[in-house]
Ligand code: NAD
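A lone chain, given as structure tokens: the form predicted on its own.
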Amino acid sequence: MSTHSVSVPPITLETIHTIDDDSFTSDRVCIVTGSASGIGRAVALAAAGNGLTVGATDFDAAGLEETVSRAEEIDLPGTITPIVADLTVDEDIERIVEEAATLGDITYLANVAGVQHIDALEDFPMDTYDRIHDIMLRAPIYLSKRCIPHFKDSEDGTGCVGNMASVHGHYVTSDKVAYNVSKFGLRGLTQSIAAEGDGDIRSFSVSTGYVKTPLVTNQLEDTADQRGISVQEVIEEVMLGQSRVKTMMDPIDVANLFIIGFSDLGSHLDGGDLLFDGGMTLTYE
């Protein structure tokens, strides 16, 4: 397998799955975290591609501008407004929701932002754990808490939270304790929202194997060093070794799952998990 296997093709109109849904209108807002790159950028583009107004948030201002530029280049029907913010700061989380509310009715929240650190549990730095927890679990909880009142106050009193989980929210690999714990926690958040939402406020999670994102490519060398193997072996044995499908997903493939979950096609998807893992977690040889 060559390094070309983790290269990402550009997102185009043709790669965005569009759904004829009465709720996908410009007066409805979808907040997307981690929108400066990877899956977050893809979800922002897919939501705008379905006519929604997007509040795209990330701490990377330049990356957000690239997301906005891409939306303009491919002439998406919806608009993307960048909201630069730090998910480890409560005041920023509050401001994200406040600014998004000025764009229309907040109806959808996609908690996508993620970070990674590779270390054995006995060596794992707790300040790094705290940062990963804050970004990947605490922020989604607080954003959901702040968005739910907006869902309830909307014209039809509905809304939906989509959480980016992972195969690591089903089973774990070594040396990623903070990531693993956060992904399991996101599935708990998903089910908690469903338990309290009475079917009007829905939630779902998306669990994939390895996706062609900067988060994945940036951990290749660290994982190789930690395990004493080559980068090529990390891709073939660690990332795809247990998968029956021997290719990684593109970010837009994952983004399209969010669109399905948000749409009326997902009306009975409430607390559930979309497990698109290539057979990684449910099969064995």
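Numbering starts at 1 and runs along the sequence shown. Just so it is clear, the structure is predicted and the values come from calculations on it, not from any experiment.
Just so you know, the form predicted in complex with the ligand exists too; it's not on screen, but the next bit is about it.
Novice: L76, V97, M136, A178: which sits within 4.5 Å of the ligand in the predicted bound form by any heavy atom?
Specialist: Only one listed residue qualifies here, and that residue is M136.
Novice: Which one, I193, L143, V211, I106, lies within 4.5 Å of the ligand in the predicted bound form by heavy atoms?
Specialist: Of I193, L143, V211, I106, the residue with a heavy atom within 4.5 Å of the ligand in the predicted bound form is V211.
Novice: Would you point out which of 201-209, 153-161, 120-128, 97-105 contains residues with a non-hydrogen atom within 4.5 Å of the ligand in the predicted bound form?
Specialist: That would be 201-209.
Novice: Is there a non-hydrogen atom of V29 within 4.5 angstroms of a non-hydrogen atom of the ligand in the predicted bound form?
Specialist: It does not: once the ligand is placed as it appears in the predicted bound form, V29 has no heavy atom within 4.5 Å of it.
Novice: With the partner left out here, check for me: in the predicted bound form, does some heavy atom of G114 sit within 4.5 Å of the ligand?
Specialist: So G114 counts as contacting the ligand.
Novice: Indicate whether the ligand has at least one heavy atom within 4.5 Å of a heavy atom of L215 in the predicted bound form.
Specialist: Within the cut-off, so yes.
Novice: Verify the contact flag for N256: yes if a non-hydrogen atom of it lies within 4.5 Å of a non-hydrogen atom of the ligand in the predicted bound form, no if not.
Specialist: Taking the distances in the predicted bound form, the answer for N256 is no, it never comes within 4.5 Å of the ligand.
Novice: Looking at the ligand in the predicted bound form, which residues in 54-74 have at least one heavy atom within 4.5 Å of it?
Specialist: Residues within 4.5 Å: D58, F59, D60.
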